[in-house]
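One chain is shown next in structure tokens, namely the form predicted on its own.
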């Protein structure tokens, strides 16, 4: 049984020129970015840079032109993402809209929803977040209790979401809610596109140990949401959201979040490392290259219209393990002064604190391994 069949990654066009276009754009903006900002780039924010990407045609790359897109391939978009992450370019403002919310609206949204949100997302001016996780549910996404009751005036929404990345900077939240009273688990779930400036919607920050703010709680207190905010079919929310997660789980962000530390290690050690450090660099580079091939293969399957749910879960599980292990391995191998001001020390301190949260993003290891086991017929 072939657990992870590899599909060739063959993007069309002049890929070296595309990579250079991204590098040139980053070079024009990077002087104002702090080193720590670049350590976890898809959770860092720069509105000017997001707009510059939109103006350069590097957002909404594979969306229809009618909604501000450029009708390029998903594989070309992958190349752009890889370059942005490898260079530590802060892309958090537009990330969710470009990766998930926009494509889901293209697939399931009404024409009015597409016209309202997509062109601004393509310009890097409208940002979105995903309202999934809830308190007291742990990793069980199907335990949604946020309710939306249909009334003549609109949907009355009550409940709470937690760990919502970027909600404090977003304009709208694509929110999974229970629209069928008394339903359980996967039944009775729907998605609403909720504007976050709606009365009754409150966003509160969750500040992590580094003082960073990218996670949030969202509270819905009898918020009245227009009936036309329903995305797709009422009751079809579980199917819609699980299809969306394949896009989230398998991209280059699943193995490049700690990449700047590996670059800093190689720069600090120089061309003649002692054998133990050379072995560590070789190991980390080999694992990175393997994850890259797996991630690119999954992207190629998505581009071909396949549904690589198991492969996406494998990429995220292995990628998170790699990203979280990298700073610990560097700390064990290098006698770094954590109070020093070198790039290596600053990045190491930052990632030692930040990296444990990486496995919370897009599904915990337990959830992912359950998906993998089910897909392989082991449960």
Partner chain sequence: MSDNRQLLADMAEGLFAELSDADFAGAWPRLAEAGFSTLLVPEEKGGFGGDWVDVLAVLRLAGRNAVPAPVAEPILAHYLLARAGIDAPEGFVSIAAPGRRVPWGRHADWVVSVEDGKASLHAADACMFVEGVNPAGEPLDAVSFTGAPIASAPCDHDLAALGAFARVAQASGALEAAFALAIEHVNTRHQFGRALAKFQAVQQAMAEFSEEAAAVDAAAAGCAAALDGLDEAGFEIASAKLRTNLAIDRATPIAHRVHGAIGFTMEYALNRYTRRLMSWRSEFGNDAFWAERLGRQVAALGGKGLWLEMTARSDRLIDAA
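In this text, all values refer to a predicted model and were calculated from it rather than measured experimentally. Positions refer to the first chain, counted from 1.
Form predicted together with its partner chain: not shown, discussed below.
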Is there a heavy atom of residue 318 no more than 4.5 Å from a heavy atom of its partner chain in the predicted complex?
yes
Even though the partner isn't displayed, in the predicted complex is residue 292 close enough to its partner chain, meaning a heavy atom within 4.5 Å?
yes
Are any of the heavy atoms in residue 302 no more than 4.5 Å from a heavy atom of its partner chain in the predicted complex?
no
Can you tell me if residue 185 lies within 4.5 angstroms of its partner chain in the predicted complex, counting non-hydrogen atoms only?
no
Which one, 274-282, 124-132, 97-105, 214-222, holds residues whose non-hydrogen atoms are within 4.5 Å of its partner chain in the predicted complex?
274-282
Contact with its partner chain in the predicted complex, heavy atom within 4.5 Å, among 89, 230, 262, 241 goes to 262
With the partner left out here, which residues of 72-87 have a non-hydrogen atom within 4.5 Å of its partner chain in the predicted complex?
82, 83, 86
